[in-house]
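Take a look at this one chain, the form predicted on its own, written out in structure tokens.
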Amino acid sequence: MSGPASGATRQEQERSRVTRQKLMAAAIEVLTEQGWAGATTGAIAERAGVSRGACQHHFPTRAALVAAAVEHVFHQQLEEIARRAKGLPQSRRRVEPLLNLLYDVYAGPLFTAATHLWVAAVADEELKALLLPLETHVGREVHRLTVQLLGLDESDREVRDAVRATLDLLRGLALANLLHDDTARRRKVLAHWARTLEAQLTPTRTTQAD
């Protein structure tokens, strides 16, 4: 039987959820702007508008906080990309716009924040221990989404290799874009790769259709 106590518990859970989301959003912002050295627990808590004690209550260490933030925002991005992909044409013209959508996974504040973390993890064992399984998880999820959106058969080794090459290309283009706007060159590269990918994968699609 529910009562005042259960209502209070739900309110507390909601406040906790909102606080965690504020902290994770602040972590990405501070990490993007100031890097790992500047993304202290105090700086993140201040940006989120919560006390340092509240921050440490939800996330005992800043490594745990930023890793959780990256994973949280990453899943939000994947959901958004899957939603936007529904409006793309179901034809050969689908590949290039899909590549541009997938590029968004590696662009923007999240990728900048993640790059700061990956570099810092080289010399930080605690951070590395948190990021290695996260990197594996992120890689698998992006791979899965790419296969799904392109309508491919992942049991085909050639398909798996093509998808891996595609994601490596997108990651490299995002790195090239960190220091200066590389949009014009990226568009040309992705257009070329879309044609290459379509030519390589068309037989696989034809086989599936048959």
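Values in this document were obtained by computation on a predicted structure and should not be read as measured data. Don't overthink the numbering: it's just position in the shown sequence, from 1.
A second form of this protein, the form predicted in complex with another copy of the chain, is not displayed here; the remarks below concern that form.
> Although the partner isn't part of this model, could you tell me whether L145 comes within 4.5 Å of another copy of the chain in the predicted complex, counting any heavy atom of the residue?
No, L145 is distant from the partner.
> Can A120 be called a contact residue for another copy of the chain in the predicted complex at 4.5 Å between heavy atoms?
So A120 counts as contacting another copy of the chain.
> Can you check whether L173 is within 4.5 Å of another copy of the chain in the predicted complex, heavy atom basis?
L173: contacts another copy of the chain in the predicted complex.
> Going by a heavy atom distance of 4.5 Å, is E33 a contact of another copy of the chain in the predicted complex?
Within the cut-off, so yes.
> Even though another copy of the chain is not shown here, does it sit in the predicted complex so that R94, L98 and L152 each have a heavy atom within 4.5 Å?
No, none of the three is in contact.
> Let me know which residues along 164 to 181 have a heavy atom within 4.5 Å of another copy of the chain in the predicted complex, or say none if there are none.
The stretch 164 to 181, when checked against another copy of the chain in the predicted complex, contributes R164, A165, D168, L169, R171, G172, L173, L175, A176, L178, L179, H180 at the 4.5 Å heavy-atom cut-off.
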